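Given next, in structure tokens, is a single chain: the form predicted on its own.
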Amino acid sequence: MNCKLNTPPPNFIRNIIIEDIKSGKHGGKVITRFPPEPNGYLHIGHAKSIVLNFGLALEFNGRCHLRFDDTNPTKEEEEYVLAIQEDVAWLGYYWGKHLYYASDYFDRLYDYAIELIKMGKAYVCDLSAEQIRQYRGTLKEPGKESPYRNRSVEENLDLFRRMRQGEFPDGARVLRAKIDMASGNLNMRDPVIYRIMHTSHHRTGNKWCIYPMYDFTHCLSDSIEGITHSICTLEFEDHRPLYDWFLDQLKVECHPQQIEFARLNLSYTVLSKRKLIQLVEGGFVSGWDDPRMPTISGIRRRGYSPASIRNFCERIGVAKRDSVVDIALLEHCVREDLNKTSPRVMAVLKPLKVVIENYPEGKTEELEAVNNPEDPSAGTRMVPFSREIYIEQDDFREDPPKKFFRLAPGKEVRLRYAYFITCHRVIKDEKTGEIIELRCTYDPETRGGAAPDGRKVRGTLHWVSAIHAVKAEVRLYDRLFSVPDPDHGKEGADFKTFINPRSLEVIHDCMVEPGLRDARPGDRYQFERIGYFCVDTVDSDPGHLVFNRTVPLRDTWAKIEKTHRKGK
């Protein structure tokens, strides 16, 4: 793990670990794990688990394993394995030699299953999946025992071995744990621990045609690896008795402690893998790495920084109850980090040409601009200025409303790092009446943006020199959903009906200052007065610059917090 450790806020999991270390439990060791299933791409919710598991191991001088729960070959692919490793490393964590797969333990898991059968604690069941569900009962009614529950140990051993040898078709038989069909916890009502699947595995090939279930695999994989604290989300709370049951029956040397915490729920977002797949396969987004997606690959492409994600995960903390986090907090953390680290540049998204009539034709001068006022060590750069420049169309009004402090006929404004200019004439397209050019004059005594006579102007505009500007494509990304809770936006409505039709606006003929000509994919900038942007890592190349808007400058979370403090 190579991530810099900040002092984390206290939480109940840290407190448990601290007490375990004091008591000498597990020999004072802390070994955690992050166990994703390689059947899709990781999202921001997984980032919370990654930061928690790797962060705790780092804090207590332990280690965190990356282990792939690859027990369902019908849904798992090597593509996902590689993507998950890239995402974890991008967040700033490294597992070293501790990269594992549940499939590493298939032989040992099979032996454990044989041991349970010999103990009379597991049996082969011929009920179909539907019949097993019917026999399980409900929360109010006990389950009914399978007619195959009392097979002899010898018969169960024979049938299970024949299952492994491929003698039976998919779904014909399963291996179940023999626990308690009257248990108040449905997970303890003889759960399935092996099923038949004649499917090639991405690592073991065709060696196996039976595969273990998650509940059986997970606890034993933890034990095999010597995990001390098995940290998972709240939906596994009811599975903890089963986790402990398997380890207790098999009398393993290492019995990890399962601890549950609340998963991340984010407003204006869906984090269900099933729903994310629908977005991708339905063409609502361009892919798993679409910058509107909450996947780690998507937010990385959008320009979020690893530090901002780690900071966000630390700020929301670790709770025992589910809640919804305002996406404005995530955007605030991103903005807060980028404000410190992103160079400032000038870019004009919707250009309007300005001709400065009293500026000498053919002249170009270099003006000094600050790279980042938050970081004096970032220094300055030189930007070219000439007779013709571009400003934003929205920075001019022919008939301005009150409190419009930008450019208008007869009005004087400041050009950032340059001069005061005054608009004198508006040129329009004869056919459409569209404003296509402004004619202005400048005050040569105001170089650098200040007047020697002390006069003030209220408007400051960004700009680029027309003859030096570099053309670029800019993609303005917004929230993918238009309602805070797309999962439950309206009773009975499909979540896809709440997709924001304005979640992406593409602008093709933007103009950026010439220093961005050599910008590389992944580089992040603040476009002054506009927002934070990142060079797209997929579609951008030296001949076609593409910038993705990461977040706007407007910080709604800071406003929320300010209002909250005033309320107190």
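Model, not experiment: these values are computed from the prediction. Whichever C-alpha set is largest while still superposing within 1.5 Å between the two forms counts as the rigid core. In this text, residue numbers run from 1 along the sequence as written.
Omitted here: the form predicted in complex with the RNA. The next part is about that form.
Report yes if any heavy atom of I16 sits within 4.5 Å of a heavy atom of the RNA in the predicted bound form; otherwise report no. It does not: once the RNA is placed as it appears in the predicted bound form, I16 has no heavy atom within 4.5 Å of it.
Closest heavy atom of G171 to the RNA in the predicted bound form, within 4.5 Å or not? Judged by the heavy-atom cut-off of 4.5 Å, G171 is in contact with the RNA in the predicted bound form.
Does R321 make contact with the RNA in the predicted bound form, using a 4.5 Å heavy atom cut-off? R321: yes, in contact with the RNA in the predicted bound form.
Does any part of S49 reach within 4.5 Å of the RNA in the predicted bound form? Heavy atoms only, please. Judged by the heavy-atom cut-off of 4.5 Å, S49 is well away from the RNA in the predicted bound form.
Partner-facing stretch of 467-475, 280-288, 187-195, 301-309, counted where any non-hydrogen atom is within 4.5 angstroms of the RNA in the predicted bound form: The contacting stretch is 187-195.
Only one of R315, R203, R381, R162 comes within 4.5 Å of the RNA in the predicted bound form by heavy atoms, so just point that one out. When the RNA is considered in the predicted bound form, the option within 4.5 Å is R315.
Would you mind picking the one in R136, H255, K118, K411 that has a heavy atom within 4.5 Å of the RNA in the predicted bound form? Selected residue: R136.
Residues within 4.5 Å of the RNA in the predicted bound form, restricted to 327-342 and counted by heavy atom: Heavy-atom contacts within 4.5 Å come from A328, L329, H332, N339.
Per-residue C-alpha change between the shown form and the other one, R455, threshold 2 Å, rigid core fit: Shift of 2 Å or more: yes.
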